[in-house]
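Only one chain comes next, encoded as structure tokens, the form predicted alone.
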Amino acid sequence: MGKPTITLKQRTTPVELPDPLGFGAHFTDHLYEARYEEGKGWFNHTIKPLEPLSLHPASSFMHYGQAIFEGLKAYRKGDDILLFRPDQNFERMNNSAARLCMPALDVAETVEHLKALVEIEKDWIPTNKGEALYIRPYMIGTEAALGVRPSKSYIFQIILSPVGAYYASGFAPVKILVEDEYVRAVRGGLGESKAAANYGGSMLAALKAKEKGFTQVLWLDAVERKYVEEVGTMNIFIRFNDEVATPALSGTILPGVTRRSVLKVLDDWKMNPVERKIPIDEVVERHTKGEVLEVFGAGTAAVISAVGELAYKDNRMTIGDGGVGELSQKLFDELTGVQYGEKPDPYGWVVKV
């Protein structure tokens, strides 16, 4: 396994983290980069100072959308630096790449190169609970050519950003609007890929929801506008009185790493986790009967995000007492405890840098 060539920036002052950190507003000194050419494969693996990209105006990703990304975090426990299931993120990135006719990464090698980058940037990792070093791998098609076909060249980079809580409200419950006008993805489309196009297409609905006082939108299926799918930045879970349900993966939902982790933990806790179709009308009806105990999202950025209010058409449903539910809090404490090295890791999910 080859090691990346490393060129370090010469700092004249120690790293000083900004306050407040916010989310995705600040970046570390270095990035990881690899290049790909058809017939040559991946080459020029480097860790180098962060700098702007210089690209031809005809670079294919700008015209035909070959752009994918991932998101994960690095955490600090004393002198230890911890990653949470990084192999899962790069395997999912390969699935996204396959869907968009982009080249696959060597997962094991990429994890090792990520570890080398994070080790160099360890002074940027915040030490407060709830803060972390956000990791953004992304890949774009860069061939300078017009014509609808896969690019013959690509850039893969990993950039790093010290972050605080994803939502400004922290772990406070969020308000979610069920979107019944616009759609996110159809079966056979890009829904299960972490493609940039998915997020560009979601912004209008999210903006309109925020104008109405909501934090995010909950998407319904694109065909019948009947079944719950996912929130813009996380997978959704609904705790009914007899099960904890999450929409089944059907090709339109991103297979979240946190989602998969939550399902495993819930199964071990014998909470009856179920992956199935969830009609939004069932949610409304069972909420009326008092059978909806909690709603929460699961994703890398927020980990677990309690939903205090869910709105669908003329129904504004307060979930529980509007606060953070018991299970939401327990899952948040469990997962963040494992991620920060404060709790045992019975599944082998944590990787030391």
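Start at 1 with the first residue shown and count on from there. Not measured: the values here are computed from a predicted model.
Below, we refer to the form predicted in complex with 2-OXO-4-methylpentanoic acid, which is not included among the displayed structures.
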Worksheet entry | All of Pro4, Thr46 and Lys115 with a heavy atom within 4.5 Å of 2-OXO-4-methylpentanoic acid in the predicted bound form | no
Worksheet item: Taking the shortest heavy atom distance, is Thr300 within 4.5 Å of 2-OXO-4-methylpentanoic acid in the predicted bound form?
Response: yes
Worksheet item: Phe23 near 2-OXO-4-methylpentanoic acid in the predicted bound form, any heavy atom under 4.5 Å?
Response: yes
Worksheet item: If you check in the predicted bound form, is Tyr64 within 4.5 Å of 2-OXO-4-methylpentanoic acid, heavy atoms only?
Response: no
Worksheet entry | Heavy atom of Lys122 within 4.5 Å of 2-OXO-4-methylpentanoic acid in the predicted bound form | no
Worksheet entry | Heavy atom within 4.5 Å of 2-OXO-4-methylpentanoic acid in the predicted bound form - residue from Phe90, Tyr154, Tyr227, Tyr134 | Tyr134
Discussion item. Counting any non-hydrogen atom inside 4.5 Å, which residue from Tyr138, Phe240, Phe171, Tyr166 sits next to 2-OXO-4-methylpentanoic acid in the predicted bound form?
Written reply: Tyr166
Worksheet item: Picking from 67-75, 243-251, 271-279, 139-147, which part of the chain touches 2-OXO-4-methylpentanoic acid in the predicted bound form when contact means heavy atoms within 4.5 Å?
Response: 67-75
Worksheet, complete the sentence: Looking in the predicted bound form, the residues of 186-207 with a heavy atom no more than 4.5 Å from 2-OXO-4-methylpentanoic acid, listed in order, are Lys194, Tyr199
